[in-house]
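Just the one chain here, the form predicted alone, laid out as structure tokens.
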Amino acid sequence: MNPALAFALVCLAGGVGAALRFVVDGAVRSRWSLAFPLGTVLINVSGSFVLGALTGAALHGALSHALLLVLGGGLMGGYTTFSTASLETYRLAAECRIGPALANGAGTLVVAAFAAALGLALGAAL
């Protein structure tokens, strides 16, 4: 793939991923009014799973590395938001909500890593 085209596609996919994150987070917030950032957790866990699946597929030849760059780096890079998770963890801790802060920070990391491993195994099986 031409590097300029790859750059343009990664940028476009990143924008689509960010818009998708906005839609998913809005859908979660409209259904559940929680102080816990459930939408961000779901976004990061599902994005980690999809990125794992894409990577597993690429490692086993079922997906080109150019498509992995666009979908993994662009789309999933725009969709997932660990910076928001970090800020929300800090906000919970600053409000002395230590349990939810630990669940958000450490829980998201552990569950997202597990989801990525599961996605990687699934992608490798394709």
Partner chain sequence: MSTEPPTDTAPSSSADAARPTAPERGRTAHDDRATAHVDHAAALPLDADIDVADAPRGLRPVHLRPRAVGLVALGGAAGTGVREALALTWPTAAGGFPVTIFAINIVGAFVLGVLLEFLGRRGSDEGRRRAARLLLGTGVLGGFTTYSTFMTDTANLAVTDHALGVALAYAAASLLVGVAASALGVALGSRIHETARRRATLEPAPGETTRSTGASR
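Positions refer to the first chain, counted from 1. Just so you know, these numbers come straight off a predicted model, no measurement behind them.
FYI, the form predicted in complex with its partner chain isn't displayed, but the following is about it.
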Considering non-hydrogen atoms and a 4.5 Å limit, does its partner chain approach residue 91 in the predicted complex? yes
With the partner left out here, check for me: in the predicted complex, does some heavy atom of residue 27 sit within 4.5 Å of its partner chain? yes
If we define contact as a non-hydrogen atom of the residue within 4.5 angstroms of the partner, is residue 59 a contact of its partner chain in the predicted complex? yes
Test of understanding: in the predicted complex, would residue 42 fall inside 4.5 Å of its partner chain by heavy atoms? no
Sequence order please: the residues of 66 to 93 with a heavy atom within 4.5 Å of its partner chain in the predicted complex. 69, 73, 74, 76, 77, 78, 80, 81, 82, 83, 84, 85, 86, 87, 89, 90, 91
